[in-house]
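First, one chain by itself: the form predicted alone, in structure tokens.
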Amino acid sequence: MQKLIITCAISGAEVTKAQNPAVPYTALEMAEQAYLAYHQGASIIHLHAREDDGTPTQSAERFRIIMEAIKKRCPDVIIQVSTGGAVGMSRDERLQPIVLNPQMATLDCGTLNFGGDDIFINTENDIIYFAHVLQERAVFKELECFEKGHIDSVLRLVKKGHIHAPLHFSFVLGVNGGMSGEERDFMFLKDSIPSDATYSVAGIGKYEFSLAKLAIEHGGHVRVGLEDNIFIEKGVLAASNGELVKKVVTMAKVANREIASPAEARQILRMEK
């Protein structure tokens, strides 16, 4: 079985210090949380930018400052920038950090109800536009899928030549408006992607560690972090992103699955840079 790639989503755009004081806002806090995750075994840092007061931003300059701070602490870690942005942002607003030519970025593969009146819009033309921009800049894409229809959209766009291999999926399960994170959901998505594709699983809230266990056992990869879940166990706040990563490493050891370094993660995913 391949070594396990652990991605850590250190901050997200919505979770706040009021919910968990460990959530990072400033560049120095981001770098510290990234280092703690990397030190425990994360090879990929999933990055949302925040202003010092916690306001989410897609500013390329803010991403640059944060990315440089992270690279000083962990030079070889893979930084995966988020192009999700915030509800209501235009395509180009969301794509601002791509001018920095990151090694890796997310590509959201469908529209989702986020609760209330919030709709995370990703039309087919949005997906095509994002895919072409990432391809032109040779940025490795992680295909974020919140339900089965998103996978079907990806496979259709692959046939049309808009999305190119290698294909690396991220199953984000347990989001309001998307698929839940039960074992049946995981198996359905896992069995719906091409045999030569790779995948990672992000379980939101209570699904984080149960889905991590399934991914470890079935040869997939895992995403954890304060963006997805602020608790290390029921009712107990996680002290850091590192603590969440450490729990996954312990689970992997029980399953006799080794942890991938950043260099090994690049090889497994067939990244070009």
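The first residue of the shown sequence is 1; numbering continues from there. Bear in mind that the values here come from a model prediction, so they are computed numbers and not experimental data.
What follows is about the form predicted in complex with a small molecule, which we do not show.
K.L.:
The chain here is shown without the small molecule. Which stretch in 103-111, 189-197, 133-141, 153-161 comes within 4.5 angstroms of it in the model of the complex, by heavy atom distance?
P.N.:
Looking at the partner contacts, the answer comes out as 103-111.
K.L.:
Which residue, 128, 99, 87, 165, is the contact with the small molecule in the model of the complex, using a 4.5 Å heavy atom cutoff?
P.N.:
Of the candidates 128, 99, 87, 165, 87 is the one lying within 4.5 Å of the small molecule in the model of the complex.
K.L.:
Does any heavy atom of residue 258 come within 4.5 Å of a heavy atom of the small molecule in the model of the complex?
P.N.:
Result no; residue 258 lies far from the small molecule in the model of the complex.
K.L.:
Taking any heavy atom pair closer than or equal to 4.5 Å as contact, tell me whether residue 13 reaches the small molecule in the model of the complex.
P.N.:
Yes - in the model of the complex, heavy atoms of residue 13 and the small molecule come within 4.5 Å of each other.
K.L.:
Look up in the model of the complex whether residue 48 has a non-hydrogen atom within 4.5 angstroms of the small molecule, and give yes or no.
P.N.:
Contact check for residue 48: yes, within 4.5 Å of the small molecule in the model of the complex.
K.L.:
Give a yes/no on whether residue 170 approaches the small molecule to within 4.5 Å in the model of the complex, heavy atoms considered.
P.N.:
Residue 170 lies outside the contact set for the small molecule.
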